[in-house]
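Form predicted alone, single chain, as structure tokens, below.
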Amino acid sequence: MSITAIVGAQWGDEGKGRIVDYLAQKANLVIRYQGGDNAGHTVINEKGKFALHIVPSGIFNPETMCIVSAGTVVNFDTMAIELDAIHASGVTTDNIFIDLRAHLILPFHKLLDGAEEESRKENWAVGTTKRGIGPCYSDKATRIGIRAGDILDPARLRTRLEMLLPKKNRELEYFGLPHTDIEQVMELCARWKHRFGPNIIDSVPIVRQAVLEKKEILLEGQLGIMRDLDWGIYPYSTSSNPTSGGACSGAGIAPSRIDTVVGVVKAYSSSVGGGPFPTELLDSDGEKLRAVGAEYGATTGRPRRCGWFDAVAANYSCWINGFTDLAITKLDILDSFERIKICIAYRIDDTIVTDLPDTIGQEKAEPIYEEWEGWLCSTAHARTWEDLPIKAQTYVLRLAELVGAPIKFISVGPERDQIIIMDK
């Protein structure tokens, strides 16, 4: 039995979906524990290439039960589109369920998200995808949100909307946007109930039984700790907690029951959205990382900011999350680099620091690098540790040393079999 949390150790886009898809081949339960459809997990397997935004990455194993849990915010229109595309590829989608406590993203959330982002000063733009995530979590925090279970009871839903919509319409009016009509929302929720009603459940008894029966359970997060609401680069953050602690509250599993926390890192760094990114490369190396790594957002298509591996940020992530294992992805993207750098400290004003500072400090941080020789040969066909070039082995061992956790997985390509499993 194992309960494993898969956690992003950087700014997101680390390849978590790829690791979850691999591990889900033997999992009984995959729980998406936080976030919405504002970030995508790219999964490539024998069925094709898929960009998943709210559907758990375990969906491709028909024997795996997938739960979108209470810590998430859900746009059922997005979920319907994703499930239809997955079903069209020959994959059953009967194994996905939504906890009745998950909050719902409604059309006015998206309108307000876009308007709020446009109203921010240029240097203070968060970089939101305008999917309505922040406004939905805001309603959750102020206890006026609509939850998945509400659409199963139209009378209750109408009462909740009568409480919510006057406030939302005042906000819409402030931005010069049209009011939302309650009947339109009721009609939308009726369609969602027809499509997803049988899949809206109380997940606690199911999860509890799976834990007590010692089933294999995966907890899947979205984004990474550097976008965490509390521990990330606030205010350039998401509106939830993609940490291992967030996995406990979002999935409804006690911390003492989680026995493995896998921190997923790229062999370099990338980020989508605003805020400080100390190792960002605005030169030919940055362009090459983006081009070779196909670094474009799975949700928006925006080009990702790219840079060398930031061990200061990754070590901080290891401490906050308590990594028991590391998964290093996209090692193959570095195959053609003659020289590779690792950030081991920051210079802030006249001080050298190795502990990650808050956002203000990161905005002033200058990276201090170690430089390593590249291996200049393909790693794409490696399936064992011994298959890797010595210089690649040396590089990944240095990453593990700096992060502070042992390596369990090394990904050398997007296919399901392009992964090296390390024996501790």
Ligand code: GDP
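Quick note: we count residues from 1 along the sequence shown, nothing fancier. Quick caveat, the model's predicted, so the values are computed rather than measured.
Beyond what is shown, the protein has a form predicted together with ligand GDP; the following relates to that form.
Enquirer: Evaluate Gly404 for contact with ligand GDP in the predicted bound form, applying a 4.5 angstroms cut-off between non-hydrogen atoms, and reply yes or no.
Expert: Gly404: no contact with ligand GDP in the predicted bound form.
Enquirer: With the partner left out of view, is Val396 within 4.5 angstroms of ligand GDP in the predicted bound form by any non-hydrogen atom?
Expert: Close contact is absent here: in the predicted bound form, Val396 is far from ligand GDP, nothing within 4.5 Å, heavy atoms only.
Enquirer: Just to confirm, Asn28 within 4.5 Å of ligand GDP in the predicted bound form by heavy atoms?
Expert: Taking the distances in the predicted bound form, the answer for Asn28 is no, it never comes within 4.5 Å of ligand GDP.
Enquirer: When the contact criterion is heavy atoms within 4.5 Å, does Leu326 count as touching ligand GDP in the predicted bound form?
Expert: Leu326: no contact with ligand GDP in the predicted bound form.
Enquirer: Based on heavy atom distances of 4.5 Å or less, which listed stretch (328-336, 159-167, 202-210, 77-85) is in contact with ligand GDP in the predicted bound form?
Expert: Selected range: 328-336.
Enquirer: Residue by residue through 237-255, tell me which have a non-hydrogen atom within 4.5 angstroms of ligand GDP in the predicted bound form.
Expert: The stretch does not touch the partner at all.
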